[in-house]
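The chain below stands alone and is given as structure tokens, in the form predicted on its own.
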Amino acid sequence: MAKNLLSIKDLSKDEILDLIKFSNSFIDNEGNFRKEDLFPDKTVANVFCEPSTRTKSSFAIAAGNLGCSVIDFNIDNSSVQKGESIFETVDALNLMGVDLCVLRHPESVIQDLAEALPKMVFINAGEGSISHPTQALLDMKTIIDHKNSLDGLKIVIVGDLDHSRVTSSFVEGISNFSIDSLTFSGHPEMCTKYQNPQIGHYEPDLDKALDNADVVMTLRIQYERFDQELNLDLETYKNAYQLSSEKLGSAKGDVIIMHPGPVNYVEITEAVYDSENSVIREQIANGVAIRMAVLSRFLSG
């Protein structure tokens, strides 16, 4: 296994399946996370240069459950506000003896940091609109929990694909498996990068895209983009692309509905979120288990 987790491409198919299986060992029979003092001598720094609730909290909880010391680096009251570069910041943490850095950044900096600071372990917690490997792992775990395998599934991804690091990492992850089909759907102005994809196909008609689907992953729509960039009316958009119970009628009866969060009910209706088919709340819990597995593996080196 590679020293750092910078991209899902760093993992082979066997390593992906191994991490997912390993993550199950951190959940007890009652569904609670095991707390094991496995790494009391390790220090993990959460360096988040963009807002995050789920990813940041789950990494902190995962590290705490493993007995690590956790440094919660808050960009708003750090020296970054005084003009310090991310390199200087992370190097300072390195010099103070931090073992592993969990980094979220709006730009592609993690590869350069990992090369510049070879003593430190780096986990990518979301990079620009490019990569989010632990999200891909927790999404694959959630699917396998319900479908036993990724092979043979019809998977649909709908929403603002162009701005989604979740999509790019998920596609890299599932490209290791023999899925039946992968369909991208969403408004053409939000899916410019996915109209001629290397894997899968683009279907602008959501009703057609959902036909016989096993898994539907919905992605967050940013309200601000409607106002600033897109010449789109919100209600018109929702009529065409909001996942409703009616639209889901053409999917399989046991289809699972996913969303990386936070949900703002432009992408899906509250009825779909609350339905038996929704596994969105499970994804949040799976995030802790997967990140416990990732931290354990990469801290063990």
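When you see a residue number, it is the position in the sequence shown, counting from 1. The shown structure was predicted, so the numbers you read here are calculated from the model rather than taken from an experiment.
The form predicted together with a small molecule exists for this protein as well; it is not shown, and the discussion that follows is about that form.
Only one of 107 to 115, 161 to 169, 92 to 100, 208 to 216 places residue heavy atoms within 4.5 angstroms of the small molecule in the model of the complex, namely 161 to 169. Although the partner is absent from this view, P262 contacts the small molecule in the model of the complex, with a non-hydrogen atom inside 4.5 angstroms. Within this chain, Q222 lines the site of the small molecule in the model of the complex, having a heavy atom no more than 4.5 Å away.
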